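Given as structure tokens, the chain that follows is alone and in the form predicted alone.
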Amino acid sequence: MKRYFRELSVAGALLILLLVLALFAPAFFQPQPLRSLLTREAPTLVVACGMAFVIIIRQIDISVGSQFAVCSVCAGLLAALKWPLVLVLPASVALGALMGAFNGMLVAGLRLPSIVVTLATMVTWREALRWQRQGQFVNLPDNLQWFGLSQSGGQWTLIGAALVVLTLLAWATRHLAAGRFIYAIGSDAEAARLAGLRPQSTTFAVFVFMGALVGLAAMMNVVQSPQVDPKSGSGLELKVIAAAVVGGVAVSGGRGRLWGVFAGLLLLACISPALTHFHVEAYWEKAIQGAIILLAVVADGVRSRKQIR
């Protein structure tokens, strides 16, 4: 039970918030708004899973928002050229993986600090997109929205796809050697190397996988609207990092579970509609989210110090 304290704490906080909403703001649980909330957060959940792996291996990627925007616009342009969805989707994933590979090559290959590398690529991708598009939206063909399904059908498809990704990756971390390698390297890279693992190669693979998930999430975002905003993805990096940290992923690496990330994301996502139902000013949202993140980081630091002692 002690091993799952952080994850259970987040789940408990989420449950308390939902109970309070059920008692004092039952309108929160109306099917359509609740489904819309889950649909909006589905792409974020996919990116948050990748960010959890990056943090577990003791790295960071703050360029995911810019990657998300680039993949979204490129996917939209391909769709506007009448490319079928079965080609647009893998193209978006491949583009994201390519940008992730660029980050991984600099971080793992040249051993540069990931915070510096991804800060540089964040600005580079975003400014290149701004120069190329000049703020112009990409108009999409009608049959792309919601995969050509009804709105409710498309929403359930996106929610289901995000949960499938979460489930598969959670299973992989427990039952596949590659998943265990990430934890081993994040806990102690030198010990992992002496045990026969290859920290640099694994780090590179994690960044590539992070980019591929961003490409998938971008496509999940594109189908929700008739247009693609070149500014999409702004602030995404902070949101997914916050979800991972609040959900129990240790900022020092080597520890964290994806189900905790899921609970952390839901907790943060529910704050804004909860404040709306309680008629609280919107500016309190960031303050409350910041307080939750700070508490999570402090709890992680206290736990790390106790383990050292």
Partner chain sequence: MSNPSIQRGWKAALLRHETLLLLVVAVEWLYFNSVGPRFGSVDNSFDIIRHSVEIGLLAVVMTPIILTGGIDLSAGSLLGLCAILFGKLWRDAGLSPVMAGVCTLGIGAVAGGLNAVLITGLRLPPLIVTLGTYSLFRGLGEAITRGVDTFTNFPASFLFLGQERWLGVPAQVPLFLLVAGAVWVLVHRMTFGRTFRAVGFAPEGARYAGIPVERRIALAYVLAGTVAALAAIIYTARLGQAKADAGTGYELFAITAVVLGGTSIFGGIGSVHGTLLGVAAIAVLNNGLVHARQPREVAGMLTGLLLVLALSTSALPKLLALLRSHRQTVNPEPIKS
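Numbering follows the first chain given and starts at 1. Only a predicted model underlies this, so the values are computations on that prediction, with no experimental measurement involved. Think of the rigid core as the biggest set of C-alphas that the two forms share within 1.5 Å after superposition.
There is another form of the same protein, the form predicted together with the partner chain; it is not shown, and what comes next is about it.
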| item | value |
| --- | --- |
| Within 4.5 Å of the partner chain in the predicted complex, all of 37, 142 and 271 (non-hydrogen atom) | no |
| 4.5 Å heavy atom contact, residue 152 to the partner chain in the predicted complex | no |
| Any non-hydrogen atom of residue 193 within 4.5 angstroms of the partner chain in the predicted complex | yes |
| Contact label in the predicted complex: residue 136 to the partner chain, heavy atom within 4.5 Å | no |
| Contact test in the predicted complex: residue 266 vs the partner chain, heavy atoms, 4.5 Å | no |
| Stretch in contact, per heavy atom within 4.5 angstroms of the partner chain in the predicted complex, of 103 to 111, 213 to 221, 152 to 160, 77 to 85 | 103 to 111 |
| Contact residue in the predicted complex, from 238, 170, 98, 91 (heavy atom within 4.5 Å of the partner chain) | 238 |
| In the predicted complex: members of 152 to 180 within 4.5 Å of the partner chain, any heavy atom | none |
| Threshold 2 Å Cα movement between this form and the one not shown at residue 12, rigid core reference | no |
| Rigid core fit then residue 23 CA moved by 2 Å or more between this form and the one not shown | no |
